[in-house]
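A lone chain, given as structure tokens: the form predicted alone.
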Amino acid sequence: MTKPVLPDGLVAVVKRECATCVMTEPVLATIAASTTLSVFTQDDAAFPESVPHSHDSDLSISWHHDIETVPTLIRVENGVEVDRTVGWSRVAWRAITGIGDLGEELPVMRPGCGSLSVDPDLVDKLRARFTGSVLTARHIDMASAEDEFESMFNRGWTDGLPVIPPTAERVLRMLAGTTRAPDEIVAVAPPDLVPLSVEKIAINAVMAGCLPEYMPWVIAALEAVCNDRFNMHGVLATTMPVGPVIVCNGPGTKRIGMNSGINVFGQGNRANMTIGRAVQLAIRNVGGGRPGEVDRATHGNPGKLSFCFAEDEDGSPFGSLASERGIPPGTDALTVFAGEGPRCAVDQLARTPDELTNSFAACLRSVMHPKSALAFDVLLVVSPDHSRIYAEAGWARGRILRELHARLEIEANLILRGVDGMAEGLPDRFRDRTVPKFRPDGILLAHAGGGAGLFSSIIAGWANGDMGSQPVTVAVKS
């Protein structure tokens, strides 16, 4: 809809439900008697009785001219707004009207009321009515007797759980969470290599149950996975049980209410669950990454629904994962890692960093297989109870990683094929050598979890290197 032009002169927007608007009716009559005044009323077409007015019945005037409070008084010259005041202020109304004794009988000041055009019960419908043209996605009409939730299951748009119907109102509300244009192409979604626009991301974010303030995180995560370095196509196509693990950093994680503490990988937190789910739904619904088709996982893992969490930076003795990977401290960022489900690393007796590191190393030896080396990366998520042991000893990130790598140098003769009656293992060309379990940057270290429990978590990765997947860290932008 074309933005309606306000008439020259003074323009007032009011509603009867507003006591301040009712109070100013005599003042409006005074203004109308001395200058050109156009009055638009939002609710009662008969109000104000003493002044000629128009009914802003569809709220188009109020919406297009950003009326947030009534009464609003605007001065318009040559079709352009040049001044505005909201609520009742004797000084401000005298200044904008040029009437020196205006409102002498009224209080000096009184606040106004919320405009109907920003009423939470109306704003989504108004946004769809007046700005819906920015949406270009195909609209699916459903029969009146059709159950929209069952219909989305039948059309294959879900991950096995119900999704929220992405109405125009909901998609436009979601788009309000980002400054990026709806038609901006963020990435090319594998496996079908379909351009992934901000609008299409918003549609899937609605379906996942996101709030608008999550949108920058969903966009950043999709940018991070849809590239050759992370290799989302390979992560989908592998028969191994891996998917994107999203580790979030920065002050924004608190602003949107992400969980970094108790049950950090589990259910119950909307931001954690829906951000990761929106990424997976976008890959499924836009890119075509559906189980049984390109997704060939032998078993998969529940994290392929959503595996997203915030790092507990405040309690970390070794900084944040994002900072370690080159993001300036205090910047919102996320890291994507192709990982399987977490498994617990238990040590309730260690009281020194050496004892704890020995336990971690022993657990890490079994990642994917005790006789594998160099092929897989790992994300080690240290809990507060375990990290306290490192903090008290003054071990920072570099020391922890050095000590882990040193303990994970393995005599190849112990893990050759056929040793211990296992066909799995390294080929014979490694005989008489020492090999590292992980490549030099193959252990990622993060800090999260509840404040009680001497447990940490190991998230094993998929194949690394050029043919596999590399962790990717990106800043989150509005």
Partner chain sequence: MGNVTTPRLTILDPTSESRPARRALLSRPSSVDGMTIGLLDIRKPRGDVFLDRIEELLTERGARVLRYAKPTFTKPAPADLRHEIASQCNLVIEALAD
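Note that the structure is a prediction, hence the values are computed from the model and not measured. Numbering follows the first chain given and starts at 1.
There is also a form predicted together with the partner chain; it is not shown, and the following applies to it.
Between 93-101, 197-205, 338-346, 359-367, the stretch whose residues reach within 4.5 angstroms of the partner chain in the predicted complex through a non-hydrogen atom is 197-205. Residue contact with the partner chain in the predicted complex: R138 places a heavy atom within 4.5 Å of it. Proximity of N285 to the partner chain in the predicted complex: non-hydrogen atoms within 4.5 Å are present. Although the partner is absent here, E148 is a contact residue: one of its heavy atoms lies within 4.5 angstroms of the partner chain in the predicted complex. Among heavy atoms of R290, some come within 4.5 Å of the partner chain in the predicted complex. Checking P166, P244, P190, G250 for any heavy atom within 4.5 Å of the partner chain in the predicted complex turns up a single hit: P166.
Listed residues F130, W157, F265, W395 were compared with the partner chain in the predicted complex; W157 is the one with a heavy atom within 4.5 Å. In the predicted complex, the partner chain lies beyond 4.5 angstroms of every heavy atom of every residue of 226-257.
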